[in-house]
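Next comes just one chain, in structure tokens: the form predicted alone.
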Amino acid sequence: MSQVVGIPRALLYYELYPMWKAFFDSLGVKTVLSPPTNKRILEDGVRNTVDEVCLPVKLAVGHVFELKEKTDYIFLPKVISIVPGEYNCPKILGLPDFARYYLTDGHQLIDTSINLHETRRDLWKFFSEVGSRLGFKQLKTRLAYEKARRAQKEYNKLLLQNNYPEEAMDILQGRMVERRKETAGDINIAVVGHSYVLYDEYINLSVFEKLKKQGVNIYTPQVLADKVMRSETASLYKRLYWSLAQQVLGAAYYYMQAPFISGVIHITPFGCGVDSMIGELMDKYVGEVKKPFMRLVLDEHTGEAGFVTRIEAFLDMLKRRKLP
């Protein structure tokens, strides 16, 4: 009987899924991806976690529950570091321990650590351990690893070409992608935040669609090269500790000084410790560059009416600024 590995559509899924998918496909291992976030998934996550964890972690637990009855393994690596000298958020590191507590009915958790803190070459060590765990020899695992790296490289290129993550994933899989219609408005807004918030339409209340209906052109961190975002934070007194914070803050700094951007929106989940720090840095920078800025905080109780009202008020302000 073939092995079935479940992959939660949450957290670093938006960053690394193409690499994971290519690796398992090359080994001949069937993968099952949890569906897009829905009410049941959110409720499962909220009910089975403590109040103190942030919304994305609650969602990730909900996605794990969604996969329990469909798979033999749950793939939930402990992603300690993806960039030398930096770390991931502690709650992301602790997610496999959350999941292990609930997987008490025979499911096996693939929670091998990814730790590139010292060198990127340690990525092979991670894949080697996963392949061995599933019973594959080193040669086959090595070939799968090389395919996985190439897939991730192609995915990153597609993101820079202004494809949203799931559009880029479809292109990699050879599926037909209906090119989304770009807005032809005269207001350009940068929307910054973690990818697992920006691209999960359920928890962010389809913010991109709401903005596009108002004639807004949207810019996100994913269309910026990593070196561009890092150059924006190079002047900080101290190097940022968290890799994903580098991406969000670097994009915010870049767009705040970009003349073609009318305003910046920061979308953040309630209870995010990383965002509580970089949010302060954003606020300080906004005061220096005088760029219109709004922060939208999300949790499981966020109501759509108030969300829409704030967006409309922000856009009204931007339109008034354009008047002679």
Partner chain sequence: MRITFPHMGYMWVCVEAMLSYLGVDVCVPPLSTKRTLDLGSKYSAEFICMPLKINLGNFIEAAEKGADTIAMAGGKGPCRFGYYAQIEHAILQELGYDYKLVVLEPPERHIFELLNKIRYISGNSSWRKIYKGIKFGFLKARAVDKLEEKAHWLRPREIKHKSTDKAFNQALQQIIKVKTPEEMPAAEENALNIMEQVSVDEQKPVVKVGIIGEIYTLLDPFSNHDLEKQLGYLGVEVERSLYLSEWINDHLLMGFVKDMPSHKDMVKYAYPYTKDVVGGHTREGIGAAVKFAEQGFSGIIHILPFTCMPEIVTMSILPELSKDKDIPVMTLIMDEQTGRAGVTTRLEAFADLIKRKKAAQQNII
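Predicted model only: the values in this text are computed from it and were never measured. Residue numbers count along the first chain shown, from 1.
One more form of this protein exists, namely the form predicted in complex with its partner chain; it is left out here, but the text below deals with it.
Only one of 211-219, 191-199, 159-167, 93-101 lies within 4.5 Å of its partner chain in the predicted complex by heavy atoms, and it is 93-101. Each of Trp242, Gly271 and Glu280 is positioned with at least one heavy atom within 4.5 Å of its partner chain in the predicted complex. The closest heavy atom approach of Lys284 to its partner chain in the predicted complex falls within 4.5 Å.
Within this chain, Ile80 lines the site of its partner chain in the predicted complex, having a heavy atom no more than 4.5 Å away. At a distance threshold of 4.5 angstroms between non-hydrogen atoms, Ile267 is out of contact with its partner chain in the predicted complex. At a distance threshold of 4.5 angstroms between non-hydrogen atoms, Val297 is in contact with its partner chain in the predicted complex. A heavy atom within 4.5 Å of its partner chain in the predicted complex is found for exactly one of Tyr155, Tyr254, Tyr87, Phe127: Tyr87.
Residue-level contacts in the predicted complex: of Ser132, Ser231, Gln108, Ser113, one residue has a heavy atom within 4.5 Å of its partner chain, and it is Ser113.
For the partner-free chain shown, Val50, Glu52, Val53 of 24-56 come within 4.5 angstroms of its partner chain in the predicted complex, judged by any non-hydrogen atom.
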